[in-house]
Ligand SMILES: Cc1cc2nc3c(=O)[nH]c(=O)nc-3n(C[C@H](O)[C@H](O)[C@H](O)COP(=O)(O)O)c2cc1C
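The chain below stands alone, shown as structure tokens; this is the form predicted on its own.
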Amino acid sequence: MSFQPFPDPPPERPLEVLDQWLSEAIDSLGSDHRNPTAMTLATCGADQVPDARIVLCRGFDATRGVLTYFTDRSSAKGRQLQENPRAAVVFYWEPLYRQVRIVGPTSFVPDSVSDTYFASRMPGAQASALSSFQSQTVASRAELEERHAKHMRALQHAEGSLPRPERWGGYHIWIERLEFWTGRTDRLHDRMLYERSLEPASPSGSPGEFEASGWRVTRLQP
């Protein structure tokens, strides 16, 4: 894709730009890039040691500015988010020469949404979630395979779906800081930074919801 810098003045609705970039990544990379919604998720617990890994973005609400992913909440990243419920995310699409950086607070996805998504997963993936206590030690690969085989047998009597384990569910990442990067071969890239303030919703609002201010925008040097 040819270099396309942001215009002056820049777009006023950055969430619409992110929605467009995600759609273009899926449309243009989906056939040969198996996970165009893969994102690097960075978390940091009470020990203040940053930790990062790749997860898959399973939803983007362009109205509220919320990314969604699912995982074992007893995992290392789940424990870190319990201690410090903030996260940073990076999308990078090399063929498009684009990057997006995101920072913001996190909250649990409602159980009903996690239930629906878990039921939509492949049977083997459901069995894997039940078999694996993510990030914890295991005596041998054989032990893990045996647990998985047990849950696969249970699937035969469960009408094609297993119950979601309580420790497994989704997270929302609320976008508080959003930076777009589009690259140019001579390294004179273009960067746009959008920031807003997020405050917990009023007591009458839903738990884990935030109220947002308007966006502040700054063009950064590459």
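Each residue number is its position in the shown sequence, starting from 1. Note that the structure is a prediction, hence the values are computed from the model and not measured.
Same protein, other form: the form predicted together with this ligand, not shown, and the subject of what follows.
Checking 107 to 115, 147 to 155, 72 to 80, 90 to 98 against this ligand in the predicted bound form, the stretch whose residues place heavy atoms within 4.5 Å of it is 72 to 80. The closest non-hydrogen atom of Gln134 lies within 4.5 Å of this ligand in the predicted bound form. Residue contact check for Ile54: one or more of its heavy atoms lie within 4.5 Å of this ligand in the predicted bound form. Contact annotation: Ser28 falls outside 4.5 Å of this ligand in the predicted bound form, judged by heavy atom distances. This ligand in the predicted bound form is approached by Asn35, whose closest heavy atom lies within 4.5 angstroms of it.
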